[in-house]
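A single chain, nothing else alongside it, follows as structure tokens in the form predicted on its own.
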């Protein structure tokens, strides 16, 4: 595909109401994937939109990022602890992925940090709404929080949130399949993201995990479908995680909760 055709395809994707907020790296990557399978621009755009729906669009169903920004904008600078926690719980409840984590969130983070030690630097990749769990993580405001996601609206809301809370941070609009942030972190999160990465690129998880510059990486998988069915998901993802850990040469400690299973990968 020529550079002119690539720009045409990316422009067509950007004009879509659904994908106008996706970062440039993702649009170019998906356009390249589609161009490897089609030659006509119309067909490339159509295939790229299907792939974007699989990788991103499907996760927006029933979710409006604009509501998150409105809630953040309603917070004063240095908000009282009760107001901050209440607003963040409301935000976390806006998306199914974080909503189903709320019941055991504090327990999960407490156990993770008991094993890793209290982090001074956190890296949150393909973060979605997870940074809004910050008030329930049990970490100090002196932490530096690096967040990254392909949706500009989420990143702008995360940036505004940490400004109000007074936490040193970066909110990067980027694609981990193109380049992982060059951040040396104590703990990195890659939550409910590995299946999505693997659908886009074979062995993507191993490549991304290898690039993350953190001694401890927390990876999680859904333990049941959004409808509440098990479908053997725990066993399937446990096998996948073991294969990934073996290839990386790291340990993988399991922390199981009703709707999500966490794995703590520790580099020696």
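Since the structure is predicted, the reported quantities are computational estimates derived from the model, not experimental observations. Residue numbers count along the first chain shown, from 1.
Heads up, the form predicted in complex with a small molecule isn't pictured, but that's what we're talking about next.
Only one of the listed residues (223, 55, 238, 34) places a non-hydrogen atom within 4.5 angstroms of the small molecule in the model of the complex, and that residue is 55.
Checked against the small molecule in the model of the complex, the candidates 174, 119, 79, 135 yield a single residue with a heavy atom inside 4.5 Å, and that residue is 174.
For a residue to qualify, one of its non-hydrogen atoms must sit within 4.5 Å of the small molecule in the model of the complex; none of 107, 110 and 259 qualifies. Interface residue remark: residue 139 is not counted as part of the site for the small molecule in the model of the complex, having no heavy atom within 4.5 Å. The small molecule in the model of the complex is approached by residue 150, whose closest heavy atom lies within 4.5 angstroms of it. Contact annotation for residue 49: none of its heavy atoms lies within 4.5 Å of the small molecule in the model of the complex.
Although the partner is absent from this view, residue 88 stays clear of the small molecule in the model of the complex, with no non-hydrogen atom inside 4.5 angstroms. Proximity to the small molecule in the model of the complex, taken as heavy atoms within 4.5 Å, picks out 176-184 from the listed stretches 176-184, 67-75, 110-118, 157-165.
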